[in-house]
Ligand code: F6P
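Read the single chain below, which is given as structure tokens and is the form predicted alone.
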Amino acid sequence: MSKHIGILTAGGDSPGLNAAIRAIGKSALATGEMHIVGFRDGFRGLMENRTMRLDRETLSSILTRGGTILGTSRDKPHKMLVGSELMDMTDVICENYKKHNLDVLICLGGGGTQKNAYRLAQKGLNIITLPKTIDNDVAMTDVTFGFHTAMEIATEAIDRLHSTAHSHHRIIVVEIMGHKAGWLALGAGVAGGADIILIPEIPYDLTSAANAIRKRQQRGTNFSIVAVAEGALSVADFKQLSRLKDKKAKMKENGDSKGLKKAEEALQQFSKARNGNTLRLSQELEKLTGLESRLTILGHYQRGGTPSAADRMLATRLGSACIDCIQSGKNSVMIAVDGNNTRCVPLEQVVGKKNLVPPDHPWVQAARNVGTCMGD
């Protein structure tokens, strides 16, 4: 019997999404037993029943394209803005799933998408996900597609900034994406030869970073490159955040709704207060070292453009494996990378977890071995 497959992309855009869509579509059509339909703009498109035909002609020219031909959004099925109100549209999504006679819905996305997909699986829908994010922070997979391309882009930026830093005897602070996971800043920092790398997993001491720059000055090197993940925290900020999180957990455990609300508000205020934190870091380093400092924020530049060969290969492997998974009758799983192979991981083992950089990771050790300051 023929199968009907739905596919959507959710969360932030990422290099390799179109390569994954192509792999899923072509592999499905090659079976001669599968029909595939794309939903536009993530879970919102599924809720609004906005579709896109994914035939061979559509799929034939998208391997090298960045972004996603399906479009994306950060809408959550259970908290979707309809008019001016946040509403639970899960039932509507389930209805549209049935209207299209879907046998399975494939969701391409990061940690948030895995959570939203799991909620739909709990409602009885057959769900399969693929791990996508430039942050590389999805749990239970060796790597996510999009990460390699973003790391290449950030590395190239650091390469180019070296000449300016050297010519003007400046400190160049490069802010790289990564709120909670430092994989991107770490990888690009090591590959780009950054002198200091600051990541969320290793709280930094500003004095330690400044001392590393002063030592370079003493050796006659009057410039430095500082690669900073956007979520990097000073030791003081890390301690404050830990206290706020502990307080929230305690209020939740005690069933104190008022206390919980206050704790959540305090966390929001902390987050707002950290806006512009990298700029302040740059200014403080200038004061402490006497070297002129400049900040470069790469931002969404890291997400754009043609995916690297590695990400095209990875997305193709995962997309192809997804169809094998469907044919074997599995659902409520994420297709994970396991060395040179792929494996199906139950979604319940993925949600609520993050793949963070272990402080003793080989990349961290390699950075330290070549004299890179990690801020601690």
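Residue indices: 1-based, along the sequence shown. Bear in mind the structure is a predicted one, so any value in this text is a computation, not a measurement.
The next section is about a form of this same protein that is not shown, the form predicted in complex with this ligand.
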- Query: Pick from Thr149, Thr133, Thr113, Ser224: which has a non-hydrogen atom within 4.5 Å of this ligand in the predicted bound form?
  - Reply: Thr133
- Please pick, from Glu201, Glu230, Asp195, Asp75, the one residue with any non-hydrogen atom lying within 4.5 angstroms of this ligand in the predicted bound form. Glu230
- Query: Among 97 to 105, 175 to 183, 120 to 128, 155 to 163, which stretch sits within 4.5 Å of this ligand in the predicted bound form, heavy atoms only?
  - Reply: 175 to 183
- Item | 4.5 Å heavy atom contact, Arg216 to this ligand in the predicted bound form | no
- Message: Can you work out whether Gly12 and this ligand are in contact in the predicted bound form, taking contact to mean some heavy atom pair no more than 4.5 Å apart?
- Response: yes
- Query: Would His300 show up as a contact with this ligand in the predicted bound form if we use heavy atoms at 4.5 Å?
  - Reply: yes
